[in-house]
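This document starts with one chain, in the form predicted alone, laid out as structure tokens.
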Amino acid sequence: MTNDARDRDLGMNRAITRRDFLNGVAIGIGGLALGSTLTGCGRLGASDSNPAQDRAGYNPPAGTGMRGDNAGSFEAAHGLRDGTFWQTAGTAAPTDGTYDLIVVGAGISGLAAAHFFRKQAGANARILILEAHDDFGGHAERKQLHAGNRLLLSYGAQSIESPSLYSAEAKGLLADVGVDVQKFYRYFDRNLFSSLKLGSGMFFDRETFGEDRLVAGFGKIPHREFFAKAPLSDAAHRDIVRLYTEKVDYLPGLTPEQKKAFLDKISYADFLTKIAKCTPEVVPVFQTRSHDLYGVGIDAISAFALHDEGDDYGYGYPGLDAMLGPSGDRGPHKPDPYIFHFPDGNASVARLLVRSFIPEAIPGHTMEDVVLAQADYSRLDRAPSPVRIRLNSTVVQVRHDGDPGSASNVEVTYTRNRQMFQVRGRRCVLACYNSMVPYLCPELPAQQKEALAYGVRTPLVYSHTAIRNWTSFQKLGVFQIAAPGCYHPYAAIDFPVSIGEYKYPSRPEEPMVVFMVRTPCQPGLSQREQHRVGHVELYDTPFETFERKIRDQLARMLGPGGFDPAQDIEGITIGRWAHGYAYGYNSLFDPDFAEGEAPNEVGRKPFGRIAIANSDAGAIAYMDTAINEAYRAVQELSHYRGT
């Protein structure tokens, strides 16, 4: 079959809702001019007097442009990195007077910093939040798709992970904005999939395993029977079954602590082949299982870390329990079920925070009604409001108006609508990526700048496809599929949660969102180097490639269940984050830092009236970390109260 014929079969010529970087045009790292502001909501004008967010109909979650790193959000940052920005930047115009606090970044950490500051300084404190992207929420971005006449919501950041372990401050923030996590026990239908006899499957692709074959029933039927259906050699089948069923101590003679120390310094891939003595054919079955959480494969994550963190999807990392103790599906440190999920993920938490600042921007009063509330973006940046959120505004410089030890203000310069502006604040919280901070604040001490640049964020793609119905999943008996050799190594129908007036499409005949994840990797390199390579790949991959890969993979996985990509796909949204998860230290590649000397600890130190708040500062990519670091940053600035 020719490529053109295959494309027709896949439906590449079909008229659907496509959302990507720039309507399908690939963008190189230096590919756009400074300040380009193409977004899903129209091209900005030549003046800041009519910003896009104030225009009628501005609604980024439903826009037709890029979701994630939208065009206009990264070009100035790349110019700073490359040393070219200031060559053509022009002069910044002063604006707005002086704020009590300026926050750089409107993700969860930036919004949380504004929340904590208001609690300290009072509801009338003047706060400006500057955000480079076209929406607030950061990675907790909201996605709105349509299939038929139905609105389907989906997410960037998935869920509130293990809320029982949250700090008092993080629990307090959720309570302040109206989130009652106990309600999710009613809203999340944990029995739906089992009532429909749907379970976990694995798809073995022909490129990796010799033929395309979907096997259903993982964890429901015996492992020996499940893997006997897979296109694996006798040796690979035997070894995988042994890992899952035989509790073998592969490190006899070592104490429990010695076993932990040993397994913390060997990758899971090496454990499988060198310690458990499995055939190398076993490795591809597990290679991409760690992509979603770590952004790299099992070649670059220690066996201990994978056992300790667990696998949220229930496939697991077998062979370790006899040495380290049972981890369960989700690791030993996650006591709560994975159910604390709004239909748009943690975007609802961001929306509730914004509602608490600017009630008229997101009408309603409860965690239930926020789900379908229509945000009025034109209300975010109005002068009467003490808190203002300014989107499409990339900060390029943050400096004190004198010596950092005695300065009375911080001057923040940003670019918007191809113009430069400068605003003053008595304090500033940087809630952006750590790696950007040295470029924004060149006056920082050299050691601190080096520490801030250490971590390399995980490149990450969340793909969401609206399909006409999900009867193919029902016929095949699966709700989630691990696809270890595929472009997207995991796919699943959306979480079964209904809140307020938003009802989950619980009948297979109804439209559905299929979630797929991709993290570009380069096995053989360190985790940080793999992330750097992945950054380039994400900026250089056109939407057409993502669409073709999605259509092809869904057709091959679900075709036996009657799925037709040309007829059944009604919309595709690509959430592409070149700088996704915060970097967590890797025992295979990073030193064992002494307490207080880890790069995140050195990097987050306050500098005069500037504090740093983000998940990078905690070196953990979870929402409670972002909230906790925001609280710390605001506390560090508290001695400037009233000045």
Ligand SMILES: Cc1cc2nc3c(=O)[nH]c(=O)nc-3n(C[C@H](O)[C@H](O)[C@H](O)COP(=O)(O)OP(=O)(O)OC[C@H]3O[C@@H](n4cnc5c(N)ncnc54)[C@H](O)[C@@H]3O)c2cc1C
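These numbers were taken from a predicted model, which means no experiment stands behind them. From 1 onward, residues are counted along the sequence shown.
If you look for the form predicted in complex with this ligand, you will not find it shown, but the lines that follow are about it.
Peer 1: Every residue in Leu128, Ile362 and Ile389 with a non-hydrogen atom within 4.5 Å of this ligand in the model of the complex?
Peer 2: Contact check failed for every one of Leu128, Ile362 and Ile389.
Peer 1: Can you tell me if Ala633 lies within 4.5 angstroms of this ligand in the model of the complex, counting non-hydrogen atoms only?
Peer 2: Outside the cut-off, so no.
Peer 1: Within a 4.5 Å heavy atom cut-off, is Gln158 in contact with this ligand in the model of the complex?
Peer 2: Yes.
Peer 1: Although the partner isn't part of this model, could you tell me whether Ser348 comes within 4.5 Å of this ligand in the model of the complex, counting any heavy atom of the residue?
Peer 2: So Ser348 does not count as contacting this ligand.
Peer 1: Counting only non-hydrogen atoms and a 4.5 angstroms cut-off, does Ala621 reach this ligand in the model of the complex?
Peer 2: Yes.
Peer 1: With this ligand left out here, work out from 609-617, 596-604, 583-591, 50-58 which stretch has heavy atoms within 4.5 Å of it in the model of the complex.
Peer 2: Within 4.5 Å of the partner lies stretch 609-617.
Peer 1: Name the residue from Leu173, Ile108, Cys428, Val296 that puts a heavy atom within 4.5 Å of this ligand in the model of the complex.
Peer 2: Selected residue: Ile108.
Peer 1: Report the residue, out of Phe342, Tyr268, Tyr462, Phe473, that has at least one non-hydrogen atom within 4.5 angstroms of this ligand in the model of the complex.
Peer 2: The residue from Phe342, Tyr268, Tyr462, Phe473 that makes the contact is Tyr462.
Peer 1: Judged by heavy atom distances of 4.5 Å or less, which residues of 415-438 approach this ligand in the model of the complex?
Peer 2: Counting only heavy atoms within 4.5 Å of this ligand in the model of the complex, the contacting residues of 415-438 are Ala431, Cys432, Tyr433, Met436.
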